[in-house]
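Let's start with one chain on its own, the form predicted alone, as structure tokens.
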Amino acid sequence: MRPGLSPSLTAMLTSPGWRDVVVLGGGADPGPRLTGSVVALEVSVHPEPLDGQVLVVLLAGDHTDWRIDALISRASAAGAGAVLLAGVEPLGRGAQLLAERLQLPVLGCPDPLAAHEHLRRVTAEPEVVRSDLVLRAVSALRRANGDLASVLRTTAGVLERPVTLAGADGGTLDGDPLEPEERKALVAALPRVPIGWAAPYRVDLASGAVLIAVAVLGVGPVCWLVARLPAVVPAEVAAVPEVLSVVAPAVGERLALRRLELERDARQRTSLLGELLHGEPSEATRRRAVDLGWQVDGWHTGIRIGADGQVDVAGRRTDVVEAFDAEGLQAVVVEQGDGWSAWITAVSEPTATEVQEQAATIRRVQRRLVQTVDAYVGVGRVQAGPSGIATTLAEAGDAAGLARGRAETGRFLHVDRLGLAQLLLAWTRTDTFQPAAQALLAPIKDQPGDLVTTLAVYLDTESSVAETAAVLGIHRNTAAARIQKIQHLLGVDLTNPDERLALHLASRTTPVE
């Protein structure tokens, strides 16, 4: 056994080579460090000093036999790390109690010889483990289909571990998705821009799991090939980076091809949108729109989704489309600048209730997106006909610009909800209005519960207690109680349009402390 290669029993139980090994008694959390294994034919063996090795018994017979008790005592006295018996039948009550008292794990396995061989390799021959995995990966890649998903599935099959293709922000581009805590730890550990073919990175998680990440460089933003190991078996942790480094060029090649397709399609969509935004579309423009499945006639609601930070707008368009689809909205989504322009089309003019319901649904779309993208959203008014697309998207862009700086509204604004307040927004920034606004809100400024922010969110969400609670992350009853308190302290009726307008403007211009 080589120094530093002794895995814990808990880690070995997660190893693919020990998938059939079960704990029969004595516990395994985290268990001893296993230094190797020794094979014995029968339970009557009197082992030499074992120093943390696993005593593997090939002919264990009846696990309730008294000789199993005697074997456990002798193995413990010899310093065994564990006892591995042939078969998975339960131990007798006496053997279980003895194993617990001696704190000696007793294991069972249908094929103990195979388990012995695997433990021997990971503790004494790590280079064999590494070369075997690399050769299997090369052979499997030759047989894999040409697409990226097939390469990732093949790699995961060779490693028998989840494999993910992650973006620079930790978001899953393909393969098995990362858990939120895994994504956070990965982003914190990895460089924003790796130089050259960077060395593999190891990220140790609080759970004891390990992430191994290898940079995939090529066309487009950098991304990472990530494998997740549930525990540390040193030989396997050392072998996985070698496999990922072999696979990374194949992934990069497929990403380059995918990237060229994405950028070609993005240019086509952006060019067509540009034609729609500059006057009445020609017949040729209409035909191209039909070819892409776009509706230019009807009643359109424009949506602007901006993204802070470094975001692969072309690569993440699919995520945006899927977020709309998940909420039952059929939206045209076009890459534009640092985000996406989108619109939803209805055959007939939506009612006021339908407009409000649609805006609430778009807010839910945003909530899906913010799990992977720092998104802010503006929604325009319903506009008719081809020219209406340009109008509603312009309004959505203005609303998104306002939403970007308003965290208290969830960075979401709808032009219909802004109403007169949007038209008077310039006036609210004057020297005469601001002192009046501050005086108007003074009674609730220093009250517990952040009442100024609560009022702003309540008015921005069109007096929806449920949405106010969702944006602020509080219970609905708490939000309702705050609104009642605001009305009492200010002496106002929030159902009065004039009083609502004054407070809406005041809350927009008064800084939130």
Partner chain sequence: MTTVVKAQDLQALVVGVTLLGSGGGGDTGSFGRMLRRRLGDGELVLRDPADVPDALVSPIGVVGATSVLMEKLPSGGEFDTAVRAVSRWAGADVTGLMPLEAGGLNGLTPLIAALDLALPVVDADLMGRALPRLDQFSWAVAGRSLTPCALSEPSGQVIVVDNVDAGGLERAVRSFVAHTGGWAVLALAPTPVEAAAADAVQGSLTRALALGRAHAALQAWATPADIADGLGGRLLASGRVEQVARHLIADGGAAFGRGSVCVVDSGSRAVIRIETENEYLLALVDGTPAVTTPDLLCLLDRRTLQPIAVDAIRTGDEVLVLALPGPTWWRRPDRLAHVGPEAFGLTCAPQLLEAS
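Numbering follows the first chain given and starts at 1. Source: prediction; values computed, not measured.
We do not show the form predicted in complex with its partner chain, though everything after this point is about it.
Engineer: So which of P249, P90, G94, G405 gets a non-hydrogen atom within 4.5 Å of its partner chain in the predicted complex?
Structural biologist: Selected residue: G94.
Engineer: Find the only residue in A70, I474, A40, V465 having a heavy atom within 4.5 Å of its partner chain in the predicted complex.
Structural biologist: Of the candidates A70, I474, A40, V465, A70 is the one lying within 4.5 Å of its partner chain in the predicted complex.
Engineer: Given a 4.5 Å cut-off on heavy atoms, tell me which of 94 to 102, 391 to 399, 158 to 166, 175 to 183 is the interface stretch with its partner chain in the predicted complex.
Structural biologist: One stretch meets the cut-off, namely 94 to 102.
Engineer: Is D65 close to its partner chain in the predicted complex, meaning a heavy atom pair under 4.5 Å apart or at it?
Structural biologist: Yes.
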